[in-house]
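Next up: just one chain, as structure tokens, the form predicted alone.
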């Protein structure tokens, strides 16, 4: 306050203080998106969805919301995560784990398709989309086997995809 009064005087401080920004501006939308994406990943996906697909969906939504230079992926990722969060939490205990995993996989596929439609007309955004997709899919595909089979750390939720990796591991072990 002292600096503001010294440099701008009381009229400048009062004038700047009366300038109101809308509550739902882009800064607040980004904050809501960050909180919602992390909250959904930790409290809905980790306990109820296979770790590999949960991490891939989280990474794709988070990276596309902030790395792509468009506002639409931020809004779409936030809304998709909100709807998926509600569905997973409602169906979490009453539906088999494989159905939840396949639903989450379908959500990831739809989110990838919708995001691609926004980015396909611009070269820079197409390259950023490709980077986003590569990182979102490769990180869980590398980390899950390393933690599960290399470090022998059980993942929070192991189901469809982790079981498939385990079957592949046993198949490869028997062959070689």
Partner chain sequence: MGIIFGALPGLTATLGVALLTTLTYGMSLNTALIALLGMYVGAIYGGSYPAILINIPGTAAAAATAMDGFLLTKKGEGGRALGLTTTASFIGTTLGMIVLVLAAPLITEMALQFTSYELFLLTIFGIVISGTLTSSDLVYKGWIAGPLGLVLACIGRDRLQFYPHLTFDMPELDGGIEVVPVLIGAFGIPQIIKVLRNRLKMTRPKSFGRILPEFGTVVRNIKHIIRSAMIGVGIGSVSGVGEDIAGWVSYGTAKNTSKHPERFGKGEPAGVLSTETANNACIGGALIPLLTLGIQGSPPAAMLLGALMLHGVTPGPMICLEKPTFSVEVCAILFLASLAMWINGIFLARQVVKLLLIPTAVFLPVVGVLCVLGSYALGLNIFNLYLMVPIGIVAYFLTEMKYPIASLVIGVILGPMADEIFRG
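Residue numbers count along the first chain shown, from 1. In this text, all values refer to a predicted model and were calculated from it rather than measured experimentally.
Another form, the form predicted in complex with the partner chain, is not on view; read the next lines as being about it.
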property: Heavy atom of each of 113, 160 and 172 within 4.5 Å of the partner chain in the model of the complex; result: no
property: Interface membership of residue 137, the partner chain in the model of the complex, 4.5 Å heavy atom rule; result: no
property: Contact of residue 168 with the partner chain in the model of the complex (heavy atom, 4.5 Å); result: no
property: is_contact(residue 129, the partner chain) in the model of the complex, heavy atom dist at most 4.5 Å; result: no
property: 4.5 Å heavy atom contact, residue 109 and the partner chain in the model of the complex; result: no
property: Stretch 149-167 - residues with a heavy atom within 4.5 Å of the partner chain in the model of the complex; result: 151, 153, 154, 155, 156
